[in-house]
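Here's a solo chain for you in structure tokens, the form predicted alone.
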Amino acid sequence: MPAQQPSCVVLGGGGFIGTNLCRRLLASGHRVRAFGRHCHFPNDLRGVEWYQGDFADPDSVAAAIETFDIVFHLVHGAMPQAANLAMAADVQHNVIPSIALLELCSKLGVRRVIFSSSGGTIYGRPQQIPTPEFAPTEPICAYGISKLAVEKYLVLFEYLQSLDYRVLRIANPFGPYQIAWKGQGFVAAAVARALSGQPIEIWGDGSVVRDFVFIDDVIDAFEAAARDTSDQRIFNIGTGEGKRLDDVLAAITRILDVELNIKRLPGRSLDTPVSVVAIDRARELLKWSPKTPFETGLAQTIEWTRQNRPEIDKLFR
């Protein structure tokens, strides 16, 4: 008989990465529970157990993760700009509940915690491009600091409680189920506005460089992290290559064959000029590498957005 797949809880399972991850885990034969306050596309999570709750409520979290083997921690309640405007609240809503989660995981015998960190903010203004995992971590925004704090607590809990973990420092993921929610996701926002003929807002002159990685490849990395037996704990997940924001807009223009209405806004201090992660460690140890060319992923994203416009529009009413 084949070995039984480990059971999985996805905290933040109703969001962009969470929805894609739950769908993949279910298709791979896992028992899957999604936890969160909102599920944006419930019809696409049929077969996944939905547990509604607040990450800040330890009783809800405990009930959600009890008896499960692997916990995927994808929750973060604020985007970088919002976190900078309310730093104490960011710690209160994200770091402190994450510590409570790790205490619960140790108590309840969770086999592994896999944390979704930020390859785009954790390194600050890196001196080395692409940036490896051993580069200095000097975030220049509160969001990156809180992500780094959770990483450090994972190290501490492994040392004190033998809690096994993996951290994925994800660059700039994009793809189906990402919506321009709370200003999240340049590709999602640009595609949605392009399809509706609205102005596309871009901070700065378009020269900012980001490492855009398609969501299917990100989910491959989560599955690889769940299986990993190496002695490493932190892995960058990106493409190792950067694209200017203006290059992204040009690609959208080519695929849609329309002229975009671009509204340029002043640059922001929290935006690192260039952010590209090195992925050699993931290639070597996780046997993972991105497979989806950018424009292939972008075309899939555009088509998904076009087909789901009515549902997406409802979320903004």
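For clarity, every value in this text was computed on a predicted model and none was experimentally measured. Counting begins at 1, following the sequence as shown.
The same protein also has a form predicted in complex with another copy of the chain, omitted here; what follows describes it.
*Asks:* I'd like to know whether Ser207 contacts another copy of the chain in the model of the complex, with contact meaning heavy atoms within 4.5 angstroms.
*Replies:* Result no; Ser207 lies far from another copy of the chain in the model of the complex.
*Asks:* Can you tell me if Ile179 lies within 4.5 angstroms of another copy of the chain in the model of the complex, counting non-hydrogen atoms only?
*Replies:* Contact check for Ile179: no, nothing within 4.5 Å of another copy of the chain in the model of the complex.
*Asks:* Are any of the heavy atoms in Cys141 no more than 4.5 Å from a heavy atom of another copy of the chain in the model of the complex?
*Replies:* Output for Cys141 is yes: heavy atoms within 4.5 Å of another copy of the chain.
*Asks:* Quick one: is Lys152 in contact with another copy of the chain in the model of the complex, heavy atoms, 4.5 Å cut-off?
*Replies:* Because a heavy atom of Lys152 falls inside 4.5 Å of another copy of the chain in the model of the complex, the answer is yes.
*Asks:* Counting only non-hydrogen atoms, choose the one of 186 to 194, 68 to 76, 112 to 120, 156 to 164 that falls within 4.5 Å of another copy of the chain in the model of the complex.
*Replies:* Flagged stretch: 156 to 164.
*Asks:* Which listed residue (Ser106, Gln232, Gln92, Gln198) meets the criterion of a heavy atom within 4.5 Å of another copy of the chain in the model of the complex?
*Replies:* In short, Gln92.
*Asks:* Since exactly one of Ile202, Ile219, Ile145, Ala226 fits, which has a heavy atom within 4.5 Å of another copy of the chain in the model of the complex?
*Replies:* When another copy of the chain is considered in the model of the complex, the option within 4.5 Å is Ile145.
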